[in-house]
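To begin, one chain is listed below as structure tokens, in the form predicted alone.
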């Protein structure tokens, strides 16, 4: 919003200098720009400052402009005028963050494997993926999310082979049965060469759509996918596309033939590798002709190019997969599969309070549904069922998005369910408090119908925080880092609560002072709810 208030687009368009203003930490100075520091000659610096000041003198939002000896430009604002500016509708606020040239984005995230329960490791791609989806969509772009299930390859062949070897009736399998079978099958494949060989043979048959294997795969797939959908519904996550690796397996034979015909691949000890110079070489097919993640990922690009044709591909996947995506993106360009931009948006891991991998007490991978239930059991003690459900989801979302996505972090259930500090409960409580103040009030007079004098420090700090919205949003979008918005949401709630403690909001003796403070509340609530929506946090109406 700073750019709009100062009209920086117009100023920078006709200037030799690119002016950037940031929020100042200096008392009584609201904004500061280092843009003239690089100009060493004092006369040249003064010349630019005078030209800028002539423009700013006509700006009703600017109270005072100062050039420091070191070359900083300091601004103080008419915050009562800024408050009037902030009385925009939600649509008008969102106009300040719209892209001038909208694009089409495909966001690939989530990626659970069928046969396994979703675990805590899936929390980060779900939350980061949805937040980025909302960030790009709210700024005017077309966004398509695809969960990209791991529903093909070795894991599914291990499950089927284990069932065949142990004469387990596949028609009667439940999701719980599959979750018990997969780790046993995976362990057996690593210890028993004969079983491992049968897994490879069955995978080869499955790739060729052997009817019996394919029918059994469909049974397993349908069972686990329904379970995944039920959990996602509980977590309030949804996807535009619910595709998987299996969606593109029919494209692979023709893709391989084309790569061979165009002399882009070669055989190496029976395996098919790309001819592109890479270390290690890019493996396209194993020596037994079975598919890899690289095989299905390349075919998925072809499928998306044909049916979606996105301008940008975002893969929101664990940072430990960075080498795979580096090879994938190089291969896409080398094979000339797409002219689009490709980005891997990586993230760190979730650990326990001791910094170790987050596991159950038995040492198993922590199922996501178990984590949800553990948080719910804490929150249901002080909330009704509906609120406890929403607050549980809020804890899983806000606690996760607060962390810079590139960092590992400790998931502390007791800390994250606290009512104080940087918690989902705190921000939910703040919104409920604002709503309760405004709930039964008559129509408030807007714009100039309020006292414009002697704003308190708490009012000033809250208005300045509100003013940061579009700048914070743009930083989150530029860096694909939702944590900036999550941190900003906490700051906004913190500033409101300071304002609430220090201000008599409903001052019937001075209706104009009351109107000013109520206007501040309305604007604050609007920005808070926009950010809730972006981050994917549901709301409660009472606490």
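Positions refer to the first chain, counted from 1. Please read these numbers as outputs of a predicted model, since none were measured by experiment.
There is another form of this protein, the form predicted together with arginine (ARG), and it is not shown here; the text below is about that form.
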Checklist line | Proximity to arginine (ARG) in the model of the complex (heavy atom, within 4.5 Å), stretch among 411-419, 111-119, 68-76, 96-104 | finding: 111-119
Check: Is residue 315 one of the residues lying within 4.5 Å of arginine (ARG) in the model of the complex, judged by heavy atom distances?
Finding: yes
Next item on the list: Please run the contact check for residue 297 against arginine (ARG) in the model of the complex: heavy atoms, 4.5 angstroms, yes or no?
Entry: yes
Notebook entry, point to check: Can any non-hydrogen atom of residue 85 be found within 4.5 angstroms of arginine (ARG) in the model of the complex?
Noted result: no
Margin query: With a cut-off of 4.5 Å between heavy atoms, is residue 321 one of the residues that contacts arginine (ARG) in the model of the complex?
Written below: yes
Item checked: Single option in 429, 325, 376, 242 placed near arginine (ARG) in the model of the complex, where near means a heavy atom within 4.5 Å -> 325
Next item on the list: Identify, from the list 342, 162, 337, 293, the residue with a heavy atom within 4.5 Å of arginine (ARG) in the model of the complex.
Entry: 293
Check: Using a 4.5 Å cut-off on heavy atoms, what residues in 145-166 are near arginine (ARG) in the model of the complex?
Finding: 148, 150
